[in-house]
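Take a look at this single chain in structure tokens; it is the form predicted alone.
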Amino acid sequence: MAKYLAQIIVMGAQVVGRAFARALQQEYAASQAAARARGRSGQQSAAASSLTGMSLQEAQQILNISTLSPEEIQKKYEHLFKVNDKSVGGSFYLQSKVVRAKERLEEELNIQSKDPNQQSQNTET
């Protein structure tokens, strides 16, 4: 009886392992295809995301920005930075997230200014 139970457990683990490996391969292929579709600007944007530790979408959500304009970024940054100041009962953690979001969005603006063909694609998403 124990022998059969052990065989069932091993076979179940193999099935789950194969399914996980297949899903991982599919995800990797999809991410590679998306990276190729984004092209050079996408690689720079991905590099900026890895350096700042924040994706473009996350930065836009933090500062509540739909389009990338320097004036809007600065306005939202100043407001959220003041609101989250520790001296007025704010959170240092949230304040640091606001700073990182501003840095990430400014980096994206720099990338877009270098490659104006990609600018319209990135601001629409």
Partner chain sequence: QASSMVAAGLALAAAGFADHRVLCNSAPIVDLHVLLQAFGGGYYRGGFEPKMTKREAALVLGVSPTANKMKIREAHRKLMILNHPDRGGSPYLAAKINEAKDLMDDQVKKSS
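Keep in mind that this is a model prediction, so the values were computed, not measured. Numbering follows the first chain given and starts at 1.
Omitted from view is the form predicted together with the partner chain, to which the following refers.
In the predicted complex, no heavy atom of Gln74 sits within 4.5 Å of the partner chain.
At the 4.5 Å threshold, heavy atoms of Gln61 reach the partner chain in the predicted complex. Ile9 belongs to the set of residues with a heavy atom inside 4.5 Å of the partner chain in the predicted complex. Contact between Ser91 and the partner chain in the predicted complex is found at the 4.5 Å heavy atom cutoff. Using a 4.5 Å cut-off to the partner chain in the predicted complex, not one of Leu56, Leu109 and Gln112 places a heavy atom inside that distance.
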